[in-house]
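Coming up is one lone chain in structure tokens, specifically the form predicted alone.
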Amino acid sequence: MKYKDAGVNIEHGKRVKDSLLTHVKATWGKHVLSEAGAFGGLFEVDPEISSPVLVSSIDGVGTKLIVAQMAGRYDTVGHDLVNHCVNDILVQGARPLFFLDYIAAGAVTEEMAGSVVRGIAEACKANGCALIGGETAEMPDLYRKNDFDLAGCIVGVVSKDAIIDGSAIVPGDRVFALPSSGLHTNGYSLARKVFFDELGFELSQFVDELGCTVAEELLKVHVSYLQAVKELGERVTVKGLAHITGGGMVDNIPRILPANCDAHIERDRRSAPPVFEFMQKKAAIPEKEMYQVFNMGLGMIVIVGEDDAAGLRNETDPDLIHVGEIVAGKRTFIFS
């Protein structure tokens, strides 16, 4: 017997991996010291960074992969994966250095793996991040033929004196937000149940309330806030950042608050994409559940001092929304 008889085609897998190298190498700069195919990726940290602190994170895109599989479109989840990870380390003030991806499938096809890696590489280039390595695993007894899973690990850097940890937040500070494009990469188990099980929609169905098809809505790319936060940091002192992912605002905002602070968010100060109200009404989802599962249109929370806030409110910046303030409390999220 051969490995191929057990469902794993080594030669095919090697051809697929070789076909991805163009996308991978397009993300490399002078700091990547290793060659393609090395057992480990080598990356030289810029010596001009004072007191460098490495910041790392690992994540996936959840059951959004099922929607990508249903649609036969795989590049958007590659973008999602990178942007999600970039935002996670951005919260602590880090900029990305390099990224590693992991693709596991019942059968690795050039269409699927090529599209995913192309999306990852495009997002890495857009975020100034090198795709330094990865793993593509074919496991037919663990995944069905068309099933696949996707994960990514990111490493970034921040100067020790520039780490953002929320410790400077005090009552009276103001809360702003950068808008999301939609669901991003969280809450898809509930969203799929609403759209497909409860409403019986097809991916190609146009939904008037959303202004697009179901596939277009559910595959909207997770926004990277790297550039927006960088520009904000050049104008004001950012005291705290919260990436609104799994757990929504209810669980994620308290993660950056000091023990004596609450974040008070006012719902009428934001304008959420219509997908959230649509799902809530169609499936009678309780409001608290919505705020704990979804980002509700606010992808990144930004907390600044009262003096800085006055300047931000006077500037015309449609991508920055004033949503509330920090009040005395016990490290919770409250809305009204």
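The numbering used is simple: start at 1 and walk along the sequence shown. Everything quoted here is computed from the prediction, not taken from an experiment.
Beyond the structure shown, there is the form predicted in complex with a further copy of the same chain, which is absent from this document and is the topic of what follows.
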- Query: Is a further copy of the same chain in the predicted complex near all of Ala215, Tyr225 and Arg235, within 4.5 Å of a heavy atom of each?
  - Reply: no
- Item | Heavy atom within 4.5 Å of a further copy of the same chain in the predicted complex - the one residue of Met296, Val275, Leu65, Val304 that qualifies | Leu65
- Message: To verify the annotation, which of these, Val175, Ile256, Leu183, Val77, has a non-hydrogen atom within 4.5 Å of a further copy of the same chain in the predicted complex?
- Response: Ile256
- Message: Quick check on Asp308: any heavy atom within 4.5 Å of a further copy of the same chain in the predicted complex?
- Response: no
- With the partner left out of view, is Ser204 within 4.5 angstroms of a further copy of the same chain in the predicted complex by any non-hydrogen atom? no
- Is the gap between Pro96 and a further copy of the same chain in the predicted complex 4.5 Å or less for some heavy atom pair? no
- Task: Could you confirm whether Gly119 comes within 4.5 Å of a further copy of the same chain in the predicted complex, counting heavy atoms only?
- Result: no
- Note on the structure: Exactly one listed stretch (135-143, 111-119, 166-174, 216-224) reaches within 4.5 angstroms of a further copy of the same chain in the predicted complex by non-hydrogen atoms, and it is 135-143
- Query: Going by a further copy of the same chain in the predicted complex, which residues of 202-239 come within 4.5 Å of it through any heavy atom?
  - Reply: none
